[in-house]
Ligand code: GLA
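Presented below, as structure tokens, is a lone chain in the form predicted alone.
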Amino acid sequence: MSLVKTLRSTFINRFHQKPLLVRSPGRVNIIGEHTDYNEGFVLPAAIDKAAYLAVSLREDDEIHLVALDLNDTYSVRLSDLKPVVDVNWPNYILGSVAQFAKRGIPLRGFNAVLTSEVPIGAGLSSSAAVECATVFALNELLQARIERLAMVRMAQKAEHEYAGVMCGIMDQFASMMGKKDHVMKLDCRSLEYEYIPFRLEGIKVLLLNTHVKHSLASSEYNARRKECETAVAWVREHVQEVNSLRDVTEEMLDKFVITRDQLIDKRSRFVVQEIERLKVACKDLQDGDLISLGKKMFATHDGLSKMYEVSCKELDWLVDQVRNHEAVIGSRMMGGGFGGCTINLVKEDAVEELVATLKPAYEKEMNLPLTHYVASIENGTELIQS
């Protein structure tokens, strides 16, 4: 925990106070991609890579922020609280502060030092980790007694209103609600959830970072949402009780969508199939059948690549390279698409050799670096006892 020691000593040296320390993790999603905004299910887990925040209250109305990794600072008065235009990182903290004001909770100025080991831009939800850490820390310091699920919503609103990203709720939920050695089956319509044991004896979660984020990502994401909404509207013309793709079956697509537009059918059919795939994957986990889960991960990737078309050559290359590898149980692209990481379930004793083989081949083929992270499944946002 040398990172925490550095964080604590930096805070004390700068502000001459003993801080409250909070750890808030990044996340992976085992299966269930692009299902969240279609009111389906997701299967995320908190990981051992986390953001760490040291915080203490002030006697005035000033907020003083330090980003240790960026060697940057930002200060503002509570009365001037608004999104920052020229630099982005303070918005994840300030947006979280704003949610307390919206709830009518009396605010005080505070000092905060932030450091994080969640890689930025890798699709591991580094921003959600910071938002959840901030909400959790202020809830403690202000003695606001807000329940965890309400804090999840506050962190999501921070992302919407200050960072300007209209994300679903999965990232903040996974960061705040994670449980060691468990995944969470989250119903994105009702926010009901259950913990499912994720027993990985002799198997590691290996994340391979393509180091690419194609500019298509945001525009295509919006286009996919619209395509899904179109399919729902067409089905609803015939089946009134349909509100989202969560309510749609493949038989409905056969009757009401494919006959009108094959592209809309392809997009919506992937989501309908993915929602069902996740339900069966949960049974695989409960039965301890990781081989069946791994096959579904490959099927998810193929659907994301060929039906939903949100993959890219770098992600496809990484998945194809491990598809028939005896030590790899499952692999797929993870996240919104067009870059980021693949998530791989790999036999522990083969991880080093696999990375050593893939890294030079990928770097030669794509002319990009390949980095990797071995993740374990940990608890969600929590206090660090100092």
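If you superpose the two forms and keep the largest set of C-alpha atoms that fall within 1.5 Å, you have the rigid core. Model, not experiment: these values are computed from the prediction. The first residue of the sequence shown is number 1, and the count goes up from there.
In what follows, reference is made to the form predicted in complex with ligand GLA, a form of this protein that is not presented.
At a distance threshold of 4.5 angstroms between non-hydrogen atoms, residue 167 is in contact with ligand GLA in the predicted complex.
Ligand GLA in the predicted complex comes within 4.5 Å of no heavy atom belonging to residue 317. Of the heavy atoms in residue 340, none are within 4.5 Å of ligand GLA in the predicted complex. Within this chain, residue 221 lines the site of ligand GLA in the predicted complex, having a heavy atom no more than 4.5 Å away.
Residue heavy atoms within 4.5 Å of ligand GLA in the predicted complex occur in exactly one stretch of 201-209, 170-178, 236-244, 92-100, and that stretch is 170-178. Residue 177 shows a C-alpha shift below 2 Å between this form and the one not shown [criterion: core-superposed Cα displacement of 2 Å]. Annotation: Cα of residue 310 displaced by at least 2 Å between this form and the one not shown, core superposition.
Core-superposed comparison between this form and the one not shown: the Cα of residue 225 travels 2 Å or more.
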